[in-house]
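Single chain ahead, written as structure tokens, the form predicted alone.
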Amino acid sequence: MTQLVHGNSELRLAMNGLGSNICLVPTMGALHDGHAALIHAGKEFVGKDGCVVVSDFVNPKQFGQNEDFEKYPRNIEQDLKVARSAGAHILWAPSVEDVYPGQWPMDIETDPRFEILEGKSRSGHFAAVLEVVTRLFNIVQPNIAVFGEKDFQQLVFISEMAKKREPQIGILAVPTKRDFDGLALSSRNVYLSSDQRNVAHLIPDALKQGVLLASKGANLQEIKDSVKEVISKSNLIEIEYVDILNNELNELIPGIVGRILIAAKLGNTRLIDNMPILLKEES
């Protein structure tokens, strides 16, 4: 049975006796099957004597001036149902004061990669992500934390931060969970109108086309042009970026697996996705 707790002291009490192998699944709530996959992966990793804690915290620092903090979907009862069905032991829904006690400062190193891809239009976003994840780590003190590959840029930064600042915490990456038509599951999908949802499959379709062309020896520009061509089949989708990078978010060298990444808007809803890609070496 999943326990719903709120304050930090309530969390520690709930964790007592649940095992010393602790898994944290950080979320911003609005849980869906993608989050359930993260919980399943964490539960399998820690085993029957482990404890899986799902944090349910909409972090205000991650939202930019024109982003949807107030409108972000919140439904703790539904979140509890998802967490319970997936087998989480604890759903922890802290307050801002629990996570940011006294607004104590935290030093987050800057990185030029914070300003590319997602960071280009979301100034300060990744510093805020790393700060809140560090605070969640400090409170829960897990052995392992689980993140999805859909937010790949975030995953890269959190993995690097953990190795440097929290080496005792392992990071488990879980492949993107997709809907019946290939669209990556996201809490923001609920914002899509029926017309928008009907064409949203063009985003994963475009990525798959790029991956296929790469396997046939196409170059970077040919792949990007093809991805944009697939997306342009609908005038309801506006591309924000398409990029192909290595798994450290630097230039991709042929013969090394990297990522093709995309961000697009359907009306006011902004979606991101990515897939592994391998550029063929020149013969």
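Keep in mind the model is a prediction, meaning the values are calculated, not measured. Numbers follow the displayed sequence, beginning with 1.
Omitted from view is the form predicted in complex with a small molecule, to which the following refers.
- Not one of K208, S232 and I237 is positioned with any heavy atom within 4.5 Å of the small molecule in the predicted bound form.
- Contact with the small molecule in the predicted bound form, judged by any heavy atom within 4.5 Å, is made by just one of N143, T176, Q196, S159: T176.
- With the partner omitted here, the residue from K150, R122, R135, R113 that has a non-hydrogen atom within 4.5 angstroms of the small molecule in the predicted bound form is K150.
- Judged by heavy atoms within 4.5 Å of the small molecule in the predicted bound form, the contact stretch among the candidates 91-99, 176-184, 73-81, 208-216 is 176-184.
- Contact annotation for H32: at least one heavy atom lies within 4.5 Å of the small molecule in the predicted bound form.
- Although the partner is absent from this view, P26 contacts the small molecule in the predicted bound form, with a non-hydrogen atom inside 4.5 angstroms.
- Taking the partner from elsewhere, L38 is found to have a heavy atom lying within 4.5 Å of the small molecule in the predicted bound form.
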